[in-house]
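Presented as structure tokens, the chain that follows is alone, the form predicted on its own.
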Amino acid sequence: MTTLPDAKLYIDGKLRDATGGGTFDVISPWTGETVGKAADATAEDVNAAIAAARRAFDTTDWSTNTEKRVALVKKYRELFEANRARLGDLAVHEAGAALGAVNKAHVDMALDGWDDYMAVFDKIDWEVDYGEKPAFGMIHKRLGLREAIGVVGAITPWNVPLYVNIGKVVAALLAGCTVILKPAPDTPGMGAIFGELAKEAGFPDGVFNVVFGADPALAGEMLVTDPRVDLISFTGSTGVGKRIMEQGAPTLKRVFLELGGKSAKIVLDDAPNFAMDVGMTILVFHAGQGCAVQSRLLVPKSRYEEAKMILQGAYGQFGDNWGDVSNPAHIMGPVVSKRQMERVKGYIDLGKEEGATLLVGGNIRPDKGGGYFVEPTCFVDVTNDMRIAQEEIFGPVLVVIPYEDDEDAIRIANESSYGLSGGVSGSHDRAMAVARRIKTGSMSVNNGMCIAGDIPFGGFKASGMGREWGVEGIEEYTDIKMVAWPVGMAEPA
């Protein structure tokens, strides 16, 4: 059985245990068994991390020494490259990634995103000339200065932890902020490695810190409520995002929230590759545990029976080719925890109660092992008012909804509290017309890649606020200061 290295805290330049020596078990989603130990941070530890980050921002040149920052972040990236194998092990044994998914969203896409940040960094305008303007008899020169916002609390989820950790940590460090990373209790090792490699890279004490614990809320709530923390960057559920906004209000905390999704894939009746577009929507990659997955498939009533046959064939072809931790071709493994397995199964049972038709799947699969296996599942005959069509399940459960025409498809897609991602397939002009009317942060037209490290990503409505990745993702961690001075007398009117 694989044993992961102990996950230690990283506070003020030191790798260490929790105060009092408390630990908690890291559980493998594949086996349900302990695969490692992690330090269980106390309130004292979190306070020390906040104090260190505050001191490093206020008393060092980290925020102003761009050359130093970029050099260290480049060295940091090289260390992550050298540790690819370990990153893959953490993705498998903490997050439950199948081997065929590791070198996609879990590791490759994450490190590619880091490279994209480095590539777009030079596009940031740190000084913007706003020209001259007469006022009160004088000509005034105006200059906008972009500055790091300060201390950042980065609170990250368990589904693709390396990708999200990089999205927040690298952007904030490049912007000149100091950071406290708080990963999810399910995936502490993917946070701990950030501390270990920061130590090896030689980051100044306090610039970067990592804290985690068995209690999913303690460290996060301390970061959100502490006035020494200037910004909270959070990826996770909409419910927790709302709580962060509430708890951050007394200190007027700036919040950047990337929250849930219930994204729609619309296949138009003139899609050139109708069968492919329907069939490829089966929700199996990483067991559907992605905030931007297209979990609502909208197909025209005129081709509804055809679509059901295509899906039946696609799921049949996928078959039982999932859930083997040693198979490099598998792209689907377990869900992350027993709690998540029970949540997904609860939604499957709810779908049956609501009157949807179970096309395939629907079962827990203990024959796959002692972990948390839910088989690929698809509901048809779904109406958009059902809870399985409105609520984020975060598992391998696809719901299929028929629509009358383009207007009806747009209405159904937009009748959601979420607006994170989505897709539409059809003749180009028609698909573009539909895409422009969907209220969502990113939209794939004919399977275009709308999520990448060099372009902004984020949501509308209950899917959050702010943008991660690209130039905009770095600028989230900055503010603009306006400076003006007189340069001469204004001409008389």
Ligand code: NAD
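Remember, it's a predicted structure, so these values are computed and weren't measured experimentally. Residue numbers here begin at 1 and follow the sequence given.
The protein also exists as the form predicted together with ligand NAD; that form is not presented, and the subsequent description refers to it.
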Check your understanding: Would E94 sit within 4.5 Å of ligand NAD in the model of the complex, counting heavy atoms only?
Key -> no
Check your understanding: S237: heavy atom within 4.5 Å of ligand NAD in the model of the complex?
Key -> yes
Review point. Is A217 close enough to ligand NAD in the model of the complex to count, meaning some heavy atom within 4.5 Å?
Key: yes
Review point. Does ligand NAD get within 4.5 angstroms of any non-hydrogen atom of E392 in the model of the complex?
Key: yes
Review point. When ligand NAD is placed as it is in the model of the complex, which of 220-228, 350-358, 191-199, 370-378 ends up with heavy atoms within 4.5 Å of it?
Key: 220-228
Exercise for review: Name the residue from I401, A101, L311, L259 that puts a heavy atom within 4.5 Å of ligand NAD in the model of the complex.
Suggested key: L259
**Study point:** Candidate from C291, V169, A307, V344 lying within 4.5 Å of ligand NAD in the model of the complex - any heavy atom
**Key:** C291
**Study point:** Triple contact flag T156, A184 and L420 to ligand NAD in the model of the complex, non-hydrogen atom at 4.5 angstroms
**Key:** yes
Review point. Can you name the residues of 363-380 that have a heavy atom within 4.5 Å of ligand NAD in the model of the complex?
Key: none
